[in-house]
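Quick heads-up: it's one chain on its own, the form predicted on its own, in structure tokens.
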């Protein structure tokens, strides 16, 4: 092998995990180059001007931060801020012929009062407190392990040190737990939603995909909080790129990796640019792409079923927040947390059944939040002064299979699902959402929707899956048997993206763990440029 260039490590992909890996390796004194296909870094964790002629930079794909360990922020010296949300969620409903809703805030007394008013008793609040108290115990015990070598199942169970909590989250289908602990169908649904983000599953599935998804949504930071990135998600990835560069990593955008050849000791990475092709040699390759993409780069097939995403992603800019039918809550509170739409337990299960049968859900479930209420810095001064707000909607149970058949079919079904989703939201508003939408520079409403098919096209997410596949358990399994959960069939090739064990979400954890695996392996690094 006679590569034209040689580095200690090549990182394939400049998303947030690839940048974390590059920064750690460069800080350890290794020569590192990042090869990124797009003309920018950040992957799905970016801020972008989604609407022409409008000065608003939205977190276009991923938008909240929970799983990023403080350890990574501190060790890489990231200049990056998060803001807490005072409201966790608001769920509108109609009870006894009147508009009402359930408001969950950081104020326990106020939340108790909302539960009592909504359900007519104190029992559901006590059940809520007990369930999320168990989640808090789990978060405190499990989250620190995510940046340690991958434990065995028995080791993690000992770390949790509570058999009842272990069984609740790791052994029993989430639906069974929810039905046993909660009586109110809407409260049940609010709990279930965190098991369905980007995950097409029933509450009762025996493979426990819904449990794995819930797990990662309640352990972040050791608290389960989901925080707002100041300046949008791009502020985080810009800080990561700056940290990698300042440590000495080289970042090349517009470089699409086309093949990887690795023999366990050395590797050759081929790439293409607008000007031609090239090759980089390295002792180690860290791949910030899906396992499916890695197999293709190696000229192999991983033999696993194709990943499938299951969400509708909608970005909006509004001239004002809409009035609510429930006059007991301020829209600025309702939209500051997670605003649940058509997400009772029965509605979620019905939507899953319809989608599993090949039909778009008739009452599409979704959840919405307003970034600009917590962080108006993403808006231009004039928009902020005039009271404009952003809304981000994440629709559930929209599997990629529903949008198959070519671009015309995808476009038609996207429009159909978007209309149905907004219609569900309008049921809880005192004015149509369309009346609140801002117009872009061409006079068009500021609303964009993306299906899994769109996300695969734009970001090369396999099947549009935001996690690169089903989320894994945070312990060793047959599929993830390596010391760090990032190892592959090639001794010097590592996964550092969301498809690694303990991947998914904006966390940097797979990037950290892949870098640790490379450093711990004691590679005989090349004499490439420092």
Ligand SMILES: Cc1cc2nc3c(=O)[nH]c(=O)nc-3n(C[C@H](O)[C@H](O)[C@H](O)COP(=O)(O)OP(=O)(O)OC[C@H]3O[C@@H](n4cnc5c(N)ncnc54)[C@H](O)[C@@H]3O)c2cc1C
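Positions refer to the first chain, counted from 1. Only a predicted model underlies this, so the values are computations on that prediction, with no experimental measurement involved.
The following text describes the form predicted together with the ligand, which does not appear among the structures shown.
Checking 505, 474, 69, 463 against the ligand in the predicted complex, a heavy atom within 4.5 Å turns up for just one residue: 505. This chain is displayed alone, yet in the predicted complex one of 397, 371, 340, 313 has a heavy atom within 4.5 Å of the ligand; that residue is 313. The partner is not drawn, yet in the predicted complex one stretch among 485-493, 49-57, 35-43, 22-30 has residues with heavy atoms inside 4.5 Å of the ligand: 35-43. Among residues of the shown chain, residue 256 is one whose heavy atoms approach the ligand to within 4.5 Å in the predicted complex.
Interface residue remark: residue 12 is counted as part of the site for the ligand in the predicted complex, having a heavy atom within 4.5 Å. Under a 4.5 angstroms non-hydrogen atom cutoff, the ligand in the predicted complex lacks residue 241 among its neighbouring residues. In the predicted complex, the ligand sits within 4.5 Å of a heavy atom belonging to residue 17. Taking the partner from elsewhere, no residue among 186, 355 and 420 has a non-hydrogen atom within 4.5 angstroms of the ligand in the predicted complex. Taking the ligand as positioned in the predicted complex, the residues of 489-503 that bring a heavy atom within 4.5 Å of it are, in sequence order, 497, 498.
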